[in-house]
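So this first bit is one chain, no partners, the form predicted on its own, shown in structure tokens.
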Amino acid sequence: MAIESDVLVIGGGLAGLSSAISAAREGADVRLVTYKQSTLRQASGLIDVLGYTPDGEGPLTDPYSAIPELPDEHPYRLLGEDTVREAMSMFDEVVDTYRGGHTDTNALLPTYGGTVKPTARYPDGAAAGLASDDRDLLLVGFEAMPDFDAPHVAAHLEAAGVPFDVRGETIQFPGDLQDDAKVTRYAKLLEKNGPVEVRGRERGARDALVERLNPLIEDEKRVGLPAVLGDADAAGVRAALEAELGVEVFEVPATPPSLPGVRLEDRLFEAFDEAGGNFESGNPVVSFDGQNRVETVYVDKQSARIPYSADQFVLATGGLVGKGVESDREHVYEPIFDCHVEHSEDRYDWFDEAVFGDHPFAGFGVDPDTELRPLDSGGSPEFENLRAAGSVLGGHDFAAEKSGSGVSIATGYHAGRLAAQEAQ
């Protein structure tokens, strides 16, 4: 017998969770199934709505004002500005540890690489690092985390013309952790003020870090560290450091694995649970039954095909990176429902010769109608009750535009709401 629900969401990333939460808030019985860990865990945790136009103009001050000028096939154009705003309002209600919802204007935040990134929402823990703030800042990296080269990042920020003085220092994280430099271990040691050995004495890791940071601070009023400041209680770690140092402390959005991304994922799953949803992880959806409507999908559990039935389905399995869209030497395809993905038959047309050129593959994905139902090659919905959300959608280059998070939240919100309304 099939496991039944009103709405079945396939995919547990930002789009899938936004869709599931949206549908559950509409009162539907929602189940989410996800296979691998989502790309949220590899993401910075920043929520970008639109940083640049498809032509590369930017950074944009107001992402919403640029929506009417986007190409017709762009997901934001299909949804409309009002729906994008509604979706971001839902995000603000659900994730109360983020800032930026008070304004339409993009914030500018320093990145691990020393660039300044436009973003619409950012964690509380990154707030003191805003590049629009003219207070001088000190960046501090750890020797065992060479991806964050604080002096190098500081030099890049100065070259970018930030309106403050910035210095970078590199120190050893307290204790001999060179062979075990996982961000989660740093986070837990700082959160628990766990014991580390410093010059033959056992010390609390947070206390020892304060002792190493204090002599470095000159006239700066804020200090930026890699995003390792706690797991479940990042705000508590930050507050404790600020109390001891007498300056504001912030996290610089990280490269993978990303604690800000993990924290965001955890909060969204909590919100889905609070809304009454159910979820299962670790097993892939491998096939389906149905003609004009999807009737049942099958989840592979240890080689057994388990049927899941629903009135409505949402496909949120990601793009080329997340394996929601795949390719071989001959074609590009969507692997579960075989939805149409527009692409040239000549695979050499999928790429630009220039490494940083305008690569067509960046926009590969299913093309939907205004209800986000994937369309076949003739322009008709593939299935009456299947909607798509997030990076599985074509029509945009999320990496170049800095629009990935916003598109996932907006299309997830819209797909989930419509699916719930249809199911009832």
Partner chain sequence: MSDARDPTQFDPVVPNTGEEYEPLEVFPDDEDFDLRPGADSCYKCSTCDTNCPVAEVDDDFPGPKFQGPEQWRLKQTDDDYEIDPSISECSNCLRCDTSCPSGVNLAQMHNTARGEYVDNQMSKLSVKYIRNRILANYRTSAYFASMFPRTANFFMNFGPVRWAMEKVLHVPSEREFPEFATQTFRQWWSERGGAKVHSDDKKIAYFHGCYSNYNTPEVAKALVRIYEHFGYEVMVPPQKCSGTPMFANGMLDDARRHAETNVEELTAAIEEGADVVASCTSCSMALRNEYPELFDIDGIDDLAAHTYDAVEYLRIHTDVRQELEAAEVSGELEEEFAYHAPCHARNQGLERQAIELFRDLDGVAVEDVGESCSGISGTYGWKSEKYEKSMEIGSEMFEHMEESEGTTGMTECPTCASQMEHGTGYEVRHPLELIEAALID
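What you see is a predicted model, and the numbers here were worked out from it, not measured in a lab. Residue numbers count along the first chain shown, from 1.
Another form exists, predicted in complex with the partner chain; not displayed. Remarks below refer to it.
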| property | result |
| --- | --- |
| Listed range touching the partner chain, judged in the predicted bound form by heavy atoms within 4.5 Å, from 324-332, 157-165, 211-219, 235-243 | 324-332 |
| Distance check, Gly276 to the partner chain in the predicted bound form, heavy atom within 4.5 Å | yes |
| Exercise: Glu202 in contact with the partner chain in the predicted bound form, heavy atom 4.5 Å | no |
| Exercise: Val116 in contact with the partner chain in the predicted bound form, heavy atom 4.5 Å | no |
| Contact of Ile336 with the partner chain in the predicted bound form (heavy atom, 4.5 Å) | yes |
| Option touching the partner chain, based on a heavy atom within 4.5 Å in the predicted bound form, out of Arg85, Arg135, Lys192, Arg293 | Lys192 |
| Proximity to the partner chain in the predicted bound form, single hit among Ala128, Leu79, Val285, Val247 (heavy atom within 4.5 Å) | Val285 |
| In the predicted bound form, residues of 25-55 near the partner chain [heavy atom within 4.5 Å] | Asp29, Arg31, Tyr35, Lys36, Gln37, Arg41, Gln42 |
